[in-house]
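Listed next as structure tokens is one chain, alone, in the form predicted alone.
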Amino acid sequence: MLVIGELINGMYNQAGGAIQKKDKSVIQRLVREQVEAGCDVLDLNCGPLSHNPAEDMAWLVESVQEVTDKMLCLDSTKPNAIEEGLKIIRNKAIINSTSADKEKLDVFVPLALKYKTGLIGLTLDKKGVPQDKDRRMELAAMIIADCQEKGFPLEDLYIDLVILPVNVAQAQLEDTLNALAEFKIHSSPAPKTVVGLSNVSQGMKERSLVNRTFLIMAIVNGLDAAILDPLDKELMDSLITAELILNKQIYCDSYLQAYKKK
């Protein structure tokens, strides 16, 4: 599974302060820690307090690329901020994200085509997060259809099911897991799926436990990628062991260490 590290995000105190002060040492430490923990991709988000998102995104990309060649996922609602980062990225990237709204798709799909990036599509629109599985499937189908019309390769598309916290939307989580499984049979080739894992435990005391339990259930239902905290060791160990049990990793006695060094 593709592990996307979430910690270089201006909403977190460490990253937010570093972005404001342009302190690349903090950002680069977060990069190294996440990569050492087994992260495949680094999500970069300037956060809501950024006064110049385009400038900050470019600075983040430059700072991160000084210490790693890992794939980057540029996370912003502002197309100009994403494009400033894409202009200087050395390797293939992922755009995070578009919604199912036509005006969003008309901006972000061409941007992804221009820079040959991956693209995350959120199953939501102006009405908000869907309340049932069928609406999630409908919004996903709209994103897929638009990408096909524009010639965007589906193998580079990630559908985000937009999970909500257990403490406010407990009944929706079963629907979300069922939708994950159905994506694999409703489209050929099936788009990849991704979740922002930390959303599921927002406002809860047992955050790590909830995160890793939901993640294992999502992996069993076909999840391809997750934006998560790779420094949560129990979470990462659970992820790796779930993939081992599903025969997605080769067993050895030191399989946890082997996965992180792959």
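Residues carry their position along the shown sequence, with the first being 1. Please read these numbers as outputs of a predicted model, since none were measured by experiment.
The form predicted together with ligand THG is left out here; the points below concern that form.
Ile227 is the sole member of Ile227, Ile27, Leu223, Leu235 with a non-hydrogen atom within 4.5 Å of ligand THG in the predicted bound form. None of Ala81, Ile120, Ala179, Ala112 but one reaches within 4.5 angstroms of ligand THG in the predicted bound form through a heavy atom, and that residue is Ile120. The stretch from 195-203, 215-223, 28-36, 55-63 that comes within 4.5 Å of ligand THG in the predicted bound form, counting heavy atoms only, is 195-203. Heavy atoms of Arg207 reach within 4.5 Å of ligand THG in the predicted bound form, making it an interface residue.
Heavy atoms of Met11 reach within 4.5 Å of ligand THG in the predicted bound form, making it an interface residue. Interface membership of Asp160, defined by any non-hydrogen atom within 4.5 Å of ligand THG in the predicted bound form, is confirmed.
Residue Asp75 is the only one in 72-89 with at least one heavy atom within 4.5 Å of ligand THG in the predicted bound form.
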